[in-house]
Each structure stands twice: as structure tokens, then as C-alpha cells.
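Starting off, we have a lone chain in the form predicted on its own, written out as C-alpha cells.
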């Protein structure tokens, strides 16, 4: 298991390096954003561009970029949105809003999705199962921003229960802030709930028809006891890694949802960096999202072996 984990980690680092190199070269091929004349920061930015080797070949520039990150943790300065400010400090300041919205979404979505999946599996081939299965496929097929607009129209405009945009500030656990986060949390929850409902229903349906479940019933266990003690335990081998992956993905957020609800997070920062041609912020956001995606994939793969010992035993053959 340790060998497999090390191999996956090395592959992850290699993929991250390749993606970062490709994005870096593509960004440096774009025209540099114009700087305002006679500004106190203009000379600083120009000197920094020279220090970063903007006139050097792309591989030399990439080497300087990596050296500054690993030796100084220096991601550069903002040249458009937050003129002359440190990119990393800007990014860290935006991260809590993204994390808290996604954390609320996951805390609410996972138990609801798993419960609906269990209910659908127990009601297999009934109208309840057909309804939940159809609804799940519809929800998965519709993009999250469609739900965002529907929630804004129904709950924010018609009923006026919640504000259209997320409240500003850093008081993330106050009641006004929580109410302003309900619409984006609901918008992010639909896809997660549908995904866990479908996965749980598929896994539990298969487990309930297994021979060991018939043996458990013949030993005197009721259907509820056999389901809780044996069936759920086995299907969680697939569900729990997905939960780990979702929690790793808390940092990722949603670019579109954050833009719709005005969430002051890293998603909105990335979109503004694209629109404003702030390449340093965009480069940091690209590396961040790439690392989050690769880390979530690694955690999901490795967690299978820790949850189910049979997978570790099979890897030794």
C-alpha cells in the first residue's frame, strides 16, 4: 500500500508539473497587460518583470517562476486587479469565503444524498425508486447555474426569504451571513445530493441481492438489522472515498456559482483575473485548482485500501 501511495504521489507531481508548464507558457505567450503611466507601482512592476526574465526564453522564465515559489514562496504581484499587491496574500484572503460555502454544502448534501440512496434501494422497483432515479438523472444533467437562477427567482425574488448576493465581511458564522449563504449552498448541493443518491442506490441494491445477505436473514436478522450491520457497511467502501474527495474539494469552490451570488472567494477572483488580464493571479488560481483536483483523486484512490483490507491484500499478489 505504501508503494502504491508513493507511486500515485509521484504521478500526481508529474502531472501537476506538466499542467503548470503548459499553462505558464500559454499565459506568457499572451500580450502583457498595459501599465498606467507615471504610477508609483509601475516602476516596481517593470523591475519585477525584468527580474522574472520576461525577455528570456519560456523555459528560463518557468525556472525563475519555480525558484521564486520554492525558495521564497513568492507568486508575484498583481498587475491589474490589486495593483502592486502580493498575489498570495490576496488569494489567502479570498479562500475562507469559498471554503465556508462549500463546507455548508457538503455537510448538508452528503447525509441527504446517502439517505435518499438507501431509501431508493430499499424501495427497489417501486414508484418511489423510479421517481428518485429519474429525478437524480435530471438533476445531474442540469448545470448548477440553472439551479442558481431558479433559487434566486423563487426564494430571493418571489418569496424574498434570502438576499440575492452573499453578504460582505468576514463574520461567516453570524445569522445574516448564514442567510445570505443559503442560496449558493442550495445551488451547490443539488449535484452532490444527486451523485451520492445514485451511487448509494446502485451499491446498496447490488449488496442487498448478495448471498451473504440471504445468509444473514436465515440466521434470524431482520431486514433492517441485515441492512444496517452488513449491507451499508459493504456499500460504504465505495461511498466513503467519495466523501473524502468532496471534503478535499471544499477548497475548489465553483467559479460560476461564486460569480452569480457575488461570493468574495477564489472563484470570483479567478474570473476577475481572466477578465482583467491579471496573469499572476490567474497562474496561482490555475495551480491551486490543479492541485486540488489531483489531491482529491489521490485521496479517493488511496482511501479504498484503508477502508477495505481486501484491496490491500489483493495488491500483494
Partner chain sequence: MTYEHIPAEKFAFVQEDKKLRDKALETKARGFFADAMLRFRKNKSSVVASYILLFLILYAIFAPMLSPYSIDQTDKLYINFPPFIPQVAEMKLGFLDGARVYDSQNDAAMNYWRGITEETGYNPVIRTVGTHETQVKSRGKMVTRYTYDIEVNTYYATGIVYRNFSYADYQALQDWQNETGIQVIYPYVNPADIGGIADRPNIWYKVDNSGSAVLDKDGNLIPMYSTDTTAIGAEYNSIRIPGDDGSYVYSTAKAGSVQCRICYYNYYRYLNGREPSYLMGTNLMGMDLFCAIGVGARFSLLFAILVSAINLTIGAIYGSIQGYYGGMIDMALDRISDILSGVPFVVVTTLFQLHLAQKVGVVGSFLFAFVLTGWIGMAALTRKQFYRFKGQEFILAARTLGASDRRLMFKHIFPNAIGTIITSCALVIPGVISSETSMTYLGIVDLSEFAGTTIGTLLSQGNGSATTAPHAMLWPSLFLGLLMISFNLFGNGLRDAFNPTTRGVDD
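Numbering follows the first chain given and starts at 1. Just so it is clear, the model here is predicted, and its values are computed rather than measured.
Not on display, but discussed next: the form predicted together with its partner chain.
Trainee: Just to confirm, with a 4.5 Å cut-off on non-hydrogen atoms, which of 44, 32, 60, 274 contacts its partner chain in the predicted complex?
Mentor: Residue within 4.5 Å of the partner: 274.
Trainee: Please tell me whether the candidate spot formed by 141, 153 and 290 is one where all three residues come within 4.5 Å of its partner chain in the predicted complex (heavy atoms).
Mentor: All of them do, each having a heavy atom within 4.5 Å of the partner.
Trainee: Its partner chain isn't shown here, but in the predicted complex, which of 145 to 153, 184 to 192, 80 to 88, 97 to 105 has heavy atoms within 4.5 Å of it?
Mentor: Contact criterion met by 145 to 153 only.
Trainee: Does at least one non-hydrogen atom of residue 64 fall within 4.5 angstroms of its partner chain in the predicted complex?
Mentor: Residue 64: no contact with its partner chain in the predicted complex.
Trainee: Should residue 19 be classed as touching its partner chain in the predicted complex when contacts are defined as heavy atoms within 4.5 Å?
Mentor: Heavy-atom contact with its partner chain at 4.5 Å: present for residue 19.
Trainee: Contact with its partner chain in the predicted complex for residue 202, defined as at least one heavy atom pair within 4.5 Å: yes or no?
Mentor: Taking the distances in the predicted complex, the answer for residue 202 is yes, it comes within 4.5 Å of its partner chain.
Trainee: Considering non-hydrogen atoms and a 4.5 Å limit, does its partner chain approach residue 159 in the predicted complex?
Mentor: Although its partner chain is absent here, residue 159 would stay clear of it in the predicted complex, with no heavy atoms inside 4.5 Å.
Trainee: Going through 164 to 188, which residues have a heavy atom within 4.5 Å of its partner chain in the predicted complex? Please give them in sequence order.
Mentor: Going through 164 to 188 in order - heavy atoms within 4.5 Å of its partner chain in the predicted complex - there is one hit, 164.
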